[in-house]
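Encoded as structure tokens, the following chain is the form predicted on its own, with no partner shown.
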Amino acid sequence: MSTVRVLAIASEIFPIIKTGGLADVAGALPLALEPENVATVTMLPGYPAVLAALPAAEPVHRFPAMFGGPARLLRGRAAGLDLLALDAPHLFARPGGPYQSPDGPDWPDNAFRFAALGLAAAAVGGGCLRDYRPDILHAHDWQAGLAPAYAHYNGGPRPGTVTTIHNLAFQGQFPGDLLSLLQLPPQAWSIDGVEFHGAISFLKAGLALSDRITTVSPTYAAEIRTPEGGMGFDGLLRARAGVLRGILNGIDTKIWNPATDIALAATFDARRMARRAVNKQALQARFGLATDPGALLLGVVSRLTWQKGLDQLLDNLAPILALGVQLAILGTGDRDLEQGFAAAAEAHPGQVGCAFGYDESLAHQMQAGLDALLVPSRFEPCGLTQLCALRYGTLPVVARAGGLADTVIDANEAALAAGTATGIQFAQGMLLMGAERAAALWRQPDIWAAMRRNAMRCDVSWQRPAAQYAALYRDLIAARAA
């Protein structure tokens, strides 16, 4: 079986730079594809953190003019990953996050920053490097969406193109009068191109012009073809349903492994579950909660946003706490939500605790010490936090949406009778009912223990998804050769 060469294009990658689940996927999928004989090189913006991770990188190509200044491609390896970094100081050498300034607003030149990433990727796809030419360009989310567009409009030989939707809500929309400045041809301004309601949408470009489209769960692939879930793209996605596929995400089961996780107070596995109690006690201490092994410890590890449904948790906080549960919150996001949870912690000392910010180590400790994880998302393309929870024996209590519906087996009567339940699903708006069901099951320790064992037996690895991506790449290559 011949090697498939994939150039992935992403705006973040774990463990180098991360703001969300996109980075986890971009970092884990290339390694999972290696046994499938797929060799992945990932192109990233040359943020300071990326360049710092590649001190021995070699220049392999120069762009004399890249939206306001020169740029070069650097090739190197970091964290076991083959990388190409677009070193363009005028676009990326700045403080703050990948998308926002230190003060919070989006960088005003984001259109040019991520157009540069797409333009460089299309150049590599077109053969600008003497010793490397990919078979596939794989664009992740809107930040990479122009890569398939540039490859399409260049007119010459090009690789097959794939766009993966990680979250349809983020569409990369910019003023239409930037079309020529972004080096897009006039014909790109059409319903079949990059135009979207009078603006340029980078994500629309990828969805309209890629050979294949994937998203990160089968249920989300169905939801986004409806007016309710399509966020304006449902018509386009219905028209392209023949090339759209939902492939579940996985997690890196070497990094997320309770038997070897150095972040934990005590490592454990399905045969040494008694050691898990040490992590619960440590987590209760960390969040200032009463040290009570008999209390159901619920937690949230999430961005604190409307999408994630955390306002519903605040709205239902009093009746949930009346169940006698404890609540631990880890995340950052909307100021109103942060303030609401901070006030709840102050009003309920020993029962509610919060940690605001991004803390990877604490996220591991949460998964190891919680009894149940709340994920009340209004929509959820896949979700990774519930996969980590399953791996660590924390039972997910999730809204029935997207990948949450695909990855958690609800503890209904049939599943309990069959011995297959791994968590609890609830309908949108029924968070309190989900919490009540969790509390009722917690009072049945034999059932809870059996569900915990089921959860830890789930295959949440990248092995099966990687095989599906490899098959998709090979099918696309064969179709283009036919």
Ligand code: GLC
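Start at 1 with the first residue shown and count on from there. Fair warning: this is a prediction, and the values are worked out from it, not measured in the lab.
Missing here is the form predicted together with alpha-D-glucopyranose (GLC); even so, the following discussion is about that form.
- With the partner omitted here, the stretch from 341 to 349, 83 to 91, 280 to 288, 373 to 381 that lies within 4.5 Å of alpha-D-glucopyranose (GLC) by heavy atoms in the model of the complex is 373 to 381.
- Taking a 4.5 Å heavy atom cutoff to alpha-D-glucopyranose (GLC) in the model of the complex, the contact residue among Arg75, Arg72, Arg225, Arg303 is Arg303.
- In terms of contact with alpha-D-glucopyranose (GLC) in the model of the complex, the residue from Gln326, Asn167, Thr219, Ser201 that brings a heavy atom within 4.5 Å is Asn167.
- Shown alone here, Pro465 lies farther than 4.5 Å from alpha-D-glucopyranose (GLC) in the model of the complex, counting heavy atoms only.
- In the model of the complex, alpha-D-glucopyranose (GLC) lies farther than 4.5 Å from every heavy atom of Asn412.
- By the criterion of a heavy atom within 4.5 Å, Val460 is excluded from the residues contacting alpha-D-glucopyranose (GLC) in the model of the complex.
- Contact between Ile13 and alpha-D-glucopyranose (GLC) in the model of the complex is not found at the 4.5 Å heavy atom cutoff.
- Contact annotation for the candidate site: Ser2, Val4 and Val124 all lie away from alpha-D-glucopyranose (GLC) in the model of the complex (no heavy atom within 4.5 Å).
- Residues of 266 to 282 placing a heavy atom within 4.5 Å of alpha-D-glucopyranose (GLC) in the model of the complex: none.
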